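Let's start with one chain on its own, the form predicted on its own, as structure tokens.
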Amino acid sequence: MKAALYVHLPFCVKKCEYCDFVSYAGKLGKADEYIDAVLNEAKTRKAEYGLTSLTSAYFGGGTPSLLSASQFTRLTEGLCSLFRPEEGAEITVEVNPGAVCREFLAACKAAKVNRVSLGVQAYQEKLLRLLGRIHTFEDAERTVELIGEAGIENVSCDAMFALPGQTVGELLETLGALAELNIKHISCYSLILEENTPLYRKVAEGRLSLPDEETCREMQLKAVGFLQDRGFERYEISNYALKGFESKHNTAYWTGGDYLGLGCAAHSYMKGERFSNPPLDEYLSGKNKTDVQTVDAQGRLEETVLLQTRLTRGIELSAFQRAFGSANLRQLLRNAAKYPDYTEVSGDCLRLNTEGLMVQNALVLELLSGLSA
């Protein structure tokens, strides 16, 4: 069996103001114990599923680059002894600007890492401070240079919009600065306020205010054209790439492929089962694979529509028909025909247009009406 692999490395220097991910500041001293736990979990999942090869791998966090070069090497060598990456497999590591060194990047290159995802978020220092980021844009520029010097050419950068006090011009300034770097991919996504974060409390208390709905809409629409003019084609709601540099790993999620998540709080979808892992201390005590759920045919149908309409290429109709039958295909097309301003059928694909992608969550509920597996 083959699958995509995600490895969660939850260590960070400081929790950002908006962050609701499972990550921990001040616990890097547990890294060696954590790596042991990840490798033990990997052995268990290999025996359970017969997983032998990887279509892609993604090391996320947290801040994976806080590991030492030797720790990262031990982790990757241990995983590769269990799972063989396919020829040309995309292997990504997340890093934060200013939080990576030459030795770590050399270890990445030796481990056949061929893609780095860099959490930049904004160009303006005031917005970086508001988010609780501890880097500057100059740190991001230097980090991109270091990655290139290490021989890793495929770099992706994150940018956020709908930030408190952010203007359309500031978002375009951020995207313009990123586009001038030697990068291949940009993720541009909206801030989502999570209740248990400092940023949420500041907005709730009236100390900060978010841009209004119309400004957020303008940000997203202008980002599409701005990036397209610079060669970054939109292939998913929040993701843009130069031709040939779309994220293979994330596309596996959106197209319903099997993926194995290792580490605390990691999520998996393997052979029709969804499951997740507990927080750090429980994970280190040996607990994993909790909250197991079997995804039935109705669940697969709903997830197919939900996830594949995020992609600008849309739903492949012939594949949908094979999986869920002609009656469901006809109903799906009838539902889509009710919304000609948001959907289009071209060849073998049903896709949402730019306006449709703006309201994708609401539109999915309409597209699923009357569909039953």
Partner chain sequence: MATQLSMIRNFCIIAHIDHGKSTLADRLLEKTGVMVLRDMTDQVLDSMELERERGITIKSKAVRMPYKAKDGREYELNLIDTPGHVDFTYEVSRALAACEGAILVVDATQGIEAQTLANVYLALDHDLEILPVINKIDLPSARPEVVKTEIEEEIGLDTEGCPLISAKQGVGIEDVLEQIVEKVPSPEGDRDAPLQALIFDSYYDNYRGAISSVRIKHGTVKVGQRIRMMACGKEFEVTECGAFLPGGYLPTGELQAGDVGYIAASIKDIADIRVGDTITSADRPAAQALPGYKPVQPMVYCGIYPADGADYETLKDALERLRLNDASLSFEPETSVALGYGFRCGFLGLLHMEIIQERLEREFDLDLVTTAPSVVYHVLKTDGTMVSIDNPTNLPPINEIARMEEPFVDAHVITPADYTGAIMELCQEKRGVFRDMKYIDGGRVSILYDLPLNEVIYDFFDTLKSRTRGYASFDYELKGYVESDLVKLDILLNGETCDALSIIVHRDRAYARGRSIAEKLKDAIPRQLFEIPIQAAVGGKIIARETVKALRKDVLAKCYGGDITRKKKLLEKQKEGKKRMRQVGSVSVPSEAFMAVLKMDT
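Positions refer to the first chain, counted from 1. All of these numbers come straight from a predicted model, not from anything done at the bench.
Only in words, not in the display: the form predicted together with its partner chain, which the text now covers.
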Given that the partner is absent here, does residue 274 sit within 4.5 Å of its partner chain in the model of the complex, heavy atoms only?
yes
- Can any non-hydrogen atom of residue 16 be found within 4.5 angstroms of its partner chain in the model of the complex? no
| message | residue 293 versus its partner chain, in the model of the complex: is there a non-hydrogen atom within 4.5 Å? | response | yes
How about residue 128: is it within 4.5 Å of its partner chain in the model of the complex, going by heavy atoms? no
Exactly one listed stretch (69-77, 131-139, 282-290, 254-262) reaches within 4.5 angstroms of its partner chain in the model of the complex by non-hydrogen atoms, and it is 254-262
Only hit among 35, 51, 306, 329 for heavy atom within 4.5 Å of its partner chain in the model of the complex is 306
None of 87, 214, 229, 205 but one has a heavy atom within 4.5 Å of its partner chain in the model of the complex; the exception is 214
Checked 346-373 against its partner chain in the model of the complex; residues with a heavy atom within 4.5 Å, sequence order, are 357, 358, 359, 360, 361, 362, 363, 364, 365, 366, 368
